[in-house]
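Listed next as structure tokens is one chain, alone, in the form predicted alone.
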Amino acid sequence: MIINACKKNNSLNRYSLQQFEVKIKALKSYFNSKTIWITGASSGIGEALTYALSELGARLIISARRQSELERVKSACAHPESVYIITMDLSSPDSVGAAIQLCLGRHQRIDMLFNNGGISQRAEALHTDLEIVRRVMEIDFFSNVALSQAVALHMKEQGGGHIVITSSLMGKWGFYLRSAYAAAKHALHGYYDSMRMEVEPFNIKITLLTPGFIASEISRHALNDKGMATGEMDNNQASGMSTQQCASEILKGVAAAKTEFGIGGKELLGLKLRRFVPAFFEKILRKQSAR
């Protein structure tokens, strides 16, 4: 899967076949035999990461709410015998706590955590009940922090590790219908930029991912102003990068120990425009479709 994704990304047009194979071997060398916990593994980016990492020889712990979907993902892996399932509801602190205890109690070593689970939003700020805002923050921020804190303490004892957090371009700027989602993603950047400096002495790496338009189901599951899933796919996401290619780009950046990087298409230009010509970027942003 990861090889096919690289081909679609025209990697073979930039490098000779020999150089390309060296890169794949380097990825296998980095991830092979590592024990890796992936949240949000039942769909989207998390599912694609699970398949890619299984192909690369990692030992996996996969988590999400739905046991049946995790079983489906496990059975589709290259090495299902090396995949362990822990169900977890990120909206419930008790469920997150129980999953942490189960994971750390069973696995003496956790080399990497892909803190990927989350939920989005499609609702106007003025018409979104505060309880829905709290729910988004619980899933996208507080559960994320609880997992990372527990795993980082474990990594400190074992001598190091790597935590990877899936943020979003909404962690860099706000947009229509995404006030709570953008707030949670902004909070992740502040928290992990600080945490990174604190854990570096313990050989713990932290990588923040800022995906753009990825063709996942996240917009279908996004909460509306009633707290229900919209069931609608955004046009920008429908035409976005595939989750397989996204997983390939993520793993290359993580193996290179990047502290933060974007994944996507032309929308990543916004990162530069926002930094160097913010007023011009704001004008462009306001003309974009909310979906």
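Just count from 1 along the sequence shown to find any residue number. Everything numeric here is computed off the predicted structure, so don't read it as measured data.
One more form of this protein, predicted in complex with a small molecule, exists but is not displayed; see below.
- For the chain shown alone, Lys258 is not a contact residue for the small molecule in the predicted bound form, no non-hydrogen atom being within 4.5 angstroms.
- Within this chain, Gly161 is remote from the site of the small molecule in the predicted bound form, having no heavy atom within 4.5 Å.
- Although the partner is absent here, Glu217 sits close enough that one of its heavy atoms falls within 4.5 Å of the small molecule in the predicted bound form.
- Not displayed here, the small molecule is approached by Ser91 to within 4.5 Å at the level of heavy atoms in the predicted bound form.
- Residue in contact with the small molecule in the predicted bound form (any heavy atom within 4.5 Å), chosen from Arg196, Arg109, Lys172, His221: His221.
- The partner is absent here; in the predicted bound form, the one residue of Ser43, Thr35, Thr230, Gln245 having a heavy atom within 4.5 Å of the small molecule is Ser43.
- Contact with the small molecule in the predicted bound form, defined as any heavy atom within 4.5 Å, is confined among 76-84, 101-109, 208-216, 126-134 to 208-216.
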